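First comes one chain, alone, set out as structure tokens in the form predicted alone.
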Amino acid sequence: MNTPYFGNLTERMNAFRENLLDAKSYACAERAVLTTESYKKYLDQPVVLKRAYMLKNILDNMTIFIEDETLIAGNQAKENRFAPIFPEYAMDWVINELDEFDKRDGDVFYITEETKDQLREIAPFWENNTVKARGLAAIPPKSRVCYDLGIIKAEGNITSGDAHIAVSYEDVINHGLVSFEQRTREMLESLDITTIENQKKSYFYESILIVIDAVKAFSNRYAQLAHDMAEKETDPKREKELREMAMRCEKVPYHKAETFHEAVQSIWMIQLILQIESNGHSLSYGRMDQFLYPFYLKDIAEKVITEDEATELLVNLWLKTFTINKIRSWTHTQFSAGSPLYQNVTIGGQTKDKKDAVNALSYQILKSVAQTKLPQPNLTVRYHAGLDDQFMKECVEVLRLGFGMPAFNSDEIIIPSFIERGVSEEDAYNYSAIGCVETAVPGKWGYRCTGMSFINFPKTLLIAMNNGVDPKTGTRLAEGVGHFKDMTTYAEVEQAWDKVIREFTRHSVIIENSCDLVLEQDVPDVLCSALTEDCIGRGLTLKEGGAVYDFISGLQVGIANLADSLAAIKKLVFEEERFTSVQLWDALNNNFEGVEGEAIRKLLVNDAPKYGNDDDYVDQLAVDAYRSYIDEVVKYPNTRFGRGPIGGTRYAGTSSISANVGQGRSTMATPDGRKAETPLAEGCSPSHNRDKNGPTAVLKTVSKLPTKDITGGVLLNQKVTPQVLAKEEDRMKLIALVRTFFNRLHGYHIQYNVVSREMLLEAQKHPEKHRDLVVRVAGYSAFFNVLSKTTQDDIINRTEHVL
């Protein structure tokens, strides 16, 4: 048997991986019960202290265990891959869907009758007492209609503590939590609490001290458990490992790390606890190859650890990362198919002094992720013009494994964009990927650099064509400029779009602000805030403006559908008069049924220019339409504006995750020939099989978008078959293509699904034979088998390119 390019997992890590793949995803009530207990006990406390006592109660009393195979301690729930319930955010959907979790079309979760009883018992306390309940109540009526009709969605904001952040891991491992504790005590002791502002700060500082002490105690629980296990262990090697694990857990993360293993343990413990505190996804590791490298280099030089041992330890970290699980409501699941956590690791790029940042640990991380071959962590490579071909070749070798990693983000566009927005040059050069393709400065950026809300662009166009009225319900949502059937020029369509999208953009801001205000008031995340500059210095949590930088974005869904629809209307209705506006509108309402409807659909599909083919006719229409949104959204600051952070403003973003499927289900037929209820185009990628001129044409089309204004991320998914990368000359072609996209066309991001249509169809037919097939869904990867059939079909139908 040939050894794979990146080598094999060690025997125990392979066993660990197999156990995780065999593990069923269950809903877990333990955190929910402990949270309810704390909220009742500390009902009279300021909310930030109540949250601190809640986390302490959970960490003091939750089930802990140490797996036989692991070298790193720490677990999220009663068992690996169990998903905790977070009742403070939402309980209505939990109770309503208790008997449906295991009957889902995708993202199946199991639940015991005991767990159901536990959740039903605590549910009455949370009635009208959750973030979701207060968040929905806070949305003004006119904006609420847009939310309820699915035009603007923000469910993730009010049903979870969405992280979208990377905390200051570098400071944790280099100084320990003790340094944060000392600074907090100094700030607290210096406060004059005769002012209400300082009195509020004192509550925050007290909460930090409670949480740091709880984290220390939690780590010591694992130390004691490791000691106890060592006493009973008969294998001398494992006994030694357990005793060393105990010593590490007694030391970190409270004290600074001194070895590579201590640093990894410290990082994992913080990553874990942040996701116990709040179930926000996109909690990312940041530039791990940079802040861990000094530990790696020292230990290798001093022979404290070998390269193979370091690889195994990193594999162990990725396996532990994969143990984290999250259950969402079914409606939210359609926007995040595959139970993704988006825990991103960033490697490569440039140093703060503008040199190539690739080092030996960058290669080690590539190797370990390749060996693990799981959806988590999400791996991103920061590309820059000076990135050498050898490292690029290694990246392509990982791509060939077919699990959608790594993705590439470009320094050439992101760094200048950050600097232009007021980020210091040093910080801009230290950015990392957060979640999918979005980017931020680790340890200095506030919550939700993207993903605030989702606006359905194609549905917005249909409402604009219908004089501001939702065609499905007849509800007036905006003041229109007339009905499409009465329009005589394309300019009227443009005017209608511009008016309605600006109105919906305002509604999206109102919805986002409503969610943020409730999150600020109800669920301040103490640990996450403490580990982000400069919340301690300002005495403010993240949602109050404690971070150094605070820029956010919503996500715009169906860009390609919008572009193709506008091109079809302009060319076929108004320029060539192939059919009338009345005929097209009637065909849309009838979902292209009948002979005439199908004839019109074929013309829309075959005879109109398509986004993704380097055709300025349609590409410029996309830019012009998008510009209306971009110009409008920048007018509205976020809720932290003027409260401390640099920025406090909004920008655009296209990382729509799997919302293209969910929002497609609620969208009638569109003028691009797409039928009702079918998926919309994903990210900024072309619609399925509409890009006929090869990958270069796609890259040219995407590069025409106003990338510097879409700082929330320009997500481009490409699909190639494994055969396309079989030869070295073809792999070099791919590298050249990526370089051209970033160096000359100034692209933001690109990622590849290296899998054949035939393999996906086979996996769909025989899932039991492909349990570990991982595919790129959007800005993240997921197991193909856990996806709903609709999402599977969406991936199967994407265009396959050749080089």
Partner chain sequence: MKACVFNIQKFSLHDGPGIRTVVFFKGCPLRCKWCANPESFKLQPELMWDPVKKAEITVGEYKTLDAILDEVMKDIDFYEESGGGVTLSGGEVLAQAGFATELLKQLKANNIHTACETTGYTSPAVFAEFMTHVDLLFFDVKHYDNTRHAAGTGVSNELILANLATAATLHPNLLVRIPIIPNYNDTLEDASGFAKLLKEHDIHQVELLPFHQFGEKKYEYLGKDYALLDLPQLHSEDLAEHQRIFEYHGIKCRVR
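The structure presented is a predicted model; accordingly, all values stated were derived computationally and were not measured. Residue numbers count along the first chain shown, from 1.
Keep in mind the form predicted in complex with the partner chain is missing from the figure; the text below concerns it.
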* Would you kindly say which of Arg757, Lys765, Lys769, Arg744 lies with a heavy atom within 4.5 Å of the partner chain in the predicted bound form? => Arg744
* Asked: Considering the partner chain in the predicted bound form, which of Gln224, Asn693, Gln390, Gln620 comes within 4.5 Å of it through any heavy atom?
  -> Asn693
* **Heavy atom of each of Val786, Ser788 and Asp794 within 4.5 Å of the partner chain in the predicted bound form** => no
* Candidate stretches 41-49, 27-35, 732-740, 57-65, one within 4.5 Å of the partner chain in the predicted bound form by heavy atom -> 732-740
* With a 4.5 Å heavy atom cut-off, would you call Asn606 a contact of the partner chain in the predicted bound form? -> yes
* Asked: Does the partner chain get within 4.5 angstroms of any non-hydrogen atom of Lys700 in the predicted bound form?
  -> yes
* Mark Asp614 yes when one of its heavy atoms lies within 4.5 Å of a heavy atom of the partner chain in the predicted bound form, and no otherwise. => yes
